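Below sits a lone chain in structure tokens, taken as the form predicted on its own.
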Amino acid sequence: MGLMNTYYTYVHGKRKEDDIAVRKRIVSEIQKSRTNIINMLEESSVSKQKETVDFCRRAVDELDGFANEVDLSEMGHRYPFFSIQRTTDSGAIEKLVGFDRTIIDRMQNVTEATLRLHDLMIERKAGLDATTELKKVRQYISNARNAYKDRRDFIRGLR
């Protein structure tokens, strides 16, 4: 899958390990994006761009909330899917792998977008509307966060 070093696509007996690996990867992307936005926050503060500062803070809050959700979902191992006594059909496994890929891809896109936006801010690109771009970034974060919630609900429903 290429998502991370140890990802077994939820083979029997490795489900908890895969869940942990996915969550660690998501948190890693969240932290990278957060660092990029904190750098933009500092740039905006120095440039006295109050509206951009506000949107940077909102994006950081969104990322912090997402990271918290991912951390708290560690308790999800109590669900039947993580029991070594349970089997799950291949269609459900494929759907879960699809959720993982979608969320990680979305968070990698957020990381790349925040890095590019920060670069443009440093270069002081003419015509750059950082506030509008940050609104888009927040929407990308929300999309990833909603996909994670869907993943978590899907796992809860697996028997």
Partner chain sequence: MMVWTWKEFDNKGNVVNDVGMVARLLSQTDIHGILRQDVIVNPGEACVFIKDGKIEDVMTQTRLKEVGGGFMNWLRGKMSVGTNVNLLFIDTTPIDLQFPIAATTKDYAEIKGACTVRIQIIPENATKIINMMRRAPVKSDLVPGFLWDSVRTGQVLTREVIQSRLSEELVATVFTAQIAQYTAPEFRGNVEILRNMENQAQLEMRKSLEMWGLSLLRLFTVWGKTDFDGVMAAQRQYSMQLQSWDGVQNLYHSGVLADLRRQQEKAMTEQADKWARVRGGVAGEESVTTQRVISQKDRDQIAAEADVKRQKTTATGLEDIATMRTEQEVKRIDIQHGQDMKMKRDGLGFEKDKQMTRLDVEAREDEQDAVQMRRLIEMKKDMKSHSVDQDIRRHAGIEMESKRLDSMTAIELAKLEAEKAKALAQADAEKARYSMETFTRAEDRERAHQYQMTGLSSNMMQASKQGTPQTLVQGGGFTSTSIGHGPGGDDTTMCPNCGEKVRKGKFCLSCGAKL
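These figures come from a predicted structure and were not determined experimentally. Positions refer to the first chain, counted from 1.
Not pictured, yet referred to below: the form predicted together with its partner chain.
Annotated contacts: 113, 119 and 139 are all free of its partner chain in the predicted complex [non-hydrogen atom within 4.5 angstroms].
Distance criterion of 4.5 Å from any heavy atom to its partner chain in the predicted complex singles out 35 from the list 131, 102, 108, 35. The shortest heavy atom separation between residue 42 and its partner chain in the predicted complex is within 4.5 Å. Using a 4.5 Å cutoff between non-hydrogen atoms, residue 94 does not count as a contact of its partner chain in the predicted complex. Contact check for residue 24: a heavy atom falls within 4.5 Å of its partner chain in the predicted complex. Contact check for residue 31: a heavy atom falls within 4.5 Å of its partner chain in the predicted complex.
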